[in-house]
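Have a look below at one chain only, the form predicted alone, in structure tokens format.
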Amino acid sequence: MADAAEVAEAYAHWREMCNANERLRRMLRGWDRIVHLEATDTGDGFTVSVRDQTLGPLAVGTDGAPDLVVRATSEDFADMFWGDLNPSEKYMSGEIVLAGSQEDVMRLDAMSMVAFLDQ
């Protein structure tokens, strides 16, 4: 189990890598969203905003109405952000659950694959 500080540290690393990746930034064009991350094992919630082709900082708590909700264990979030697990595999097995429009789910899945493969 990862605590909120570990998830935040891993996300900060992933955010820096993603925001520096030109291919990912192109994929974010026109996709301004609020994403809630919900840790199913700890009950921690986080908010990420995507604006102007950039991932914002991780905010503790689930603020605002989300366009997309991602549910996973805290350890899976940390491992995903560190690049230690393939999020698509966890999604396909049902261990990571996405709730949102089909377009948003598909966009996030494609972005996670690019981020995972480019690490």
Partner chain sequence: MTDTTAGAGAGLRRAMGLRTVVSTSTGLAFAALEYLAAAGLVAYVAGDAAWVAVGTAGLLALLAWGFFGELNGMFPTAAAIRLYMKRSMDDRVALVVTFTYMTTIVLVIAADAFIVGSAIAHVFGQATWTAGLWILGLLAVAVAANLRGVRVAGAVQDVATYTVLVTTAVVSAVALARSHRALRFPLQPLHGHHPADFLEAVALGVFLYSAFEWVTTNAEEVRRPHHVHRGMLIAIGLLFVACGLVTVSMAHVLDHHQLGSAFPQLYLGRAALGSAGLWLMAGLTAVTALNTFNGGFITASRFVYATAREGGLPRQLARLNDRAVPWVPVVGLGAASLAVALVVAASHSWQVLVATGAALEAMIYAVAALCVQRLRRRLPDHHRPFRLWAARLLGALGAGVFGLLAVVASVSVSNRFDPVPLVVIGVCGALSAFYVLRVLPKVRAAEEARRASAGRRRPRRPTPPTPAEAGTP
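Given the structure is predicted, the values throughout are model-derived calculations rather than measurements. Residue numbers count along the first chain shown, from 1.
Note that the form predicted together with the partner chain isn't included here; everything after this is about it.
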Legend entry - Heavy atom within 4.5 Å of the partner chain in the predicted bound form - the one residue of Asp52, Asp63, Glu89, Asp41 that qualifies: Glu89
Inset, instruction - With heavy atoms only and a cut-off of 4.5 Å, decide whether Glu103 touches the partner chain in the predicted bound form. - result: yes
Inset, instruction - Answer for Gly83 alone: is it within 4.5 Å of the partner chain in the predicted bound form, judged on heavy atom distances? - result: yes
Inset, instruction - Examine Ala78 and determine whether its closest non-hydrogen atom to the partner chain in the predicted bound form is within 4.5 angstroms. - result: yes
Inset, instruction - Although the partner chain is absent from this view, report whether Arg15 comes within 4.5 Å of it in the predicted bound form, heavy atoms only. - result: no
Inset, instruction - Give, in sequence order, every residue of 47-70 that has a heavy atom within 4.5 Å of the partner chain in the predicted bound form, or say none if there are no such residues. - result: Ala65, Pro66, Asp67, Leu68, Val69
